[in-house]
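Here you get one chain, nothing else, as structure tokens; it is the form predicted on its own.
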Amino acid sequence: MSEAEILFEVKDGLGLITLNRPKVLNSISHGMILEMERMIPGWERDPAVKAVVVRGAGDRAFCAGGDVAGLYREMRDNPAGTLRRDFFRDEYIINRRIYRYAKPWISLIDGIDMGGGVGLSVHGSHSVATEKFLFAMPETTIGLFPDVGGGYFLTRLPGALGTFLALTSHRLKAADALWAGIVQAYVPSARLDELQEALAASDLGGADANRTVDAVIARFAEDAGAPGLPAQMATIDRCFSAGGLPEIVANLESDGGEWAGKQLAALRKLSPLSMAITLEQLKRCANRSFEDTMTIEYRMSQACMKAGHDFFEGVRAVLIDKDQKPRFNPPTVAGVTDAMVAAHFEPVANDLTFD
């Protein structure tokens, strides 16, 4: 009998969730999402559960993202299937539950935290990173966009950092993520179990629960080292604050430096359409509520699930055939039209809304 993909346990006042697919870096399946929806609303009401702690199995990843290969296989083998609808809908409902959770939601991130994994961690009350932490929103590499609430949290990062991360899939280690506010503390991997035990031993009941968690984590937090982002922010702001892709490309070209050249090379490998809809997503979500953002992203997701979209070509090239040579359409930034972008934001049948 195979082991469950996600494990739940209530122990010493903590609701413990373990993402349990270490062989695939704990990527999130639809089944895992449904199990979370079955469990965590009850924990929120249960007085025996004072806080939720989320961890990833194995020693490589918290969660590397959603199981997008499954979406590709459904399109290929069962075009009439509903996974491409249900996966995003149910995942975004969980993201919103975490954002609005009435109790501390504590992610102990010991390794890779990307894409859908970020949706499980960044919206909670506390995220703790270790020396193995590695963050990215890499969706544009597969013709998607930074979803799971990316339109909300990326637009609230310093300066143009969110736009830079959303477009380039740039990776951050703990020191830079801490500086940006993506995580709240750095704790060495070897001390995570001790931290969890200290949380269980603390009084987490009542209105001051989050402050109590802050205090416990502070006892274990260490210096993550010097971040590199502060020295880069002037260039990031200058190059990525532009309103459109052609302007961003022009800014990078005119900069002429080594860093700008690396960003240009990264952008030229990505889906032009994906980058364009991502920029529009960030504009539309910058001043919207979390719930409005999730509705916008759900509409975008359903546009991306249509046959022939760059998403399926990106997944094919990166995860299925692994030839790393996606044939995106259109192949250039100049080929992306306003109509192509606007189509990703139209209301859909059975739209995602919240009470």
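One rule holds for the numbers: they count along the sequence shown, beginning at 1. Here the structure is a predicted model, which means the values were calculated and not measured.
What comes next is about the form predicted in complex with a small molecule, which is not displayed.
Student: Within 4.5 Å, heavy atoms only: does T141 come near the small molecule in the model of the complex?
Tutor: Although the small molecule is absent here, T141 would touch it in the model of the complex, with heavy atoms inside 4.5 Å.
Student: Any of the heavy atoms of V24 lying within 4.5 Å of the small molecule in the model of the complex?
Tutor: The answer is yes: V24 has a heavy atom within 4.5 Å of the small molecule.
Student: Classify G56 as contacting or not contacting the small molecule in the model of the complex by the rule of any non-hydrogen atom within 4.5 angstroms, answering yes or no.
Tutor: No, G56 sits far enough from the small molecule in the model of the complex that none of its heavy atoms falls within 4.5 Å.
Student: Flag V68 as yes or no: does it have a non-hydrogen atom within 4.5 angstroms of any non-hydrogen atom of the small molecule in the model of the complex?
Tutor: Yes, contact at 4.5 Å.
Student: By the heavy atom within 4.5 Å rule, which residue out of V318, M36, I296, M305 makes contact with the small molecule in the model of the complex?
Tutor: Answer to the contact question: V318.
Student: Which of these residues, A64, M32, V52, M300, gets a heavy atom within 4.5 Å of the small molecule in the model of the complex?
Tutor: Selected option: A64.
Student: Exactly one stretch in 94-102, 199-207, 214-222, 141-149 has heavy atoms within 4.5 Å of the small molecule in the model of the complex; which is it?
Tutor: Heavy atoms within 4.5 Å of the small molecule in the model of the complex occur in 141-149.
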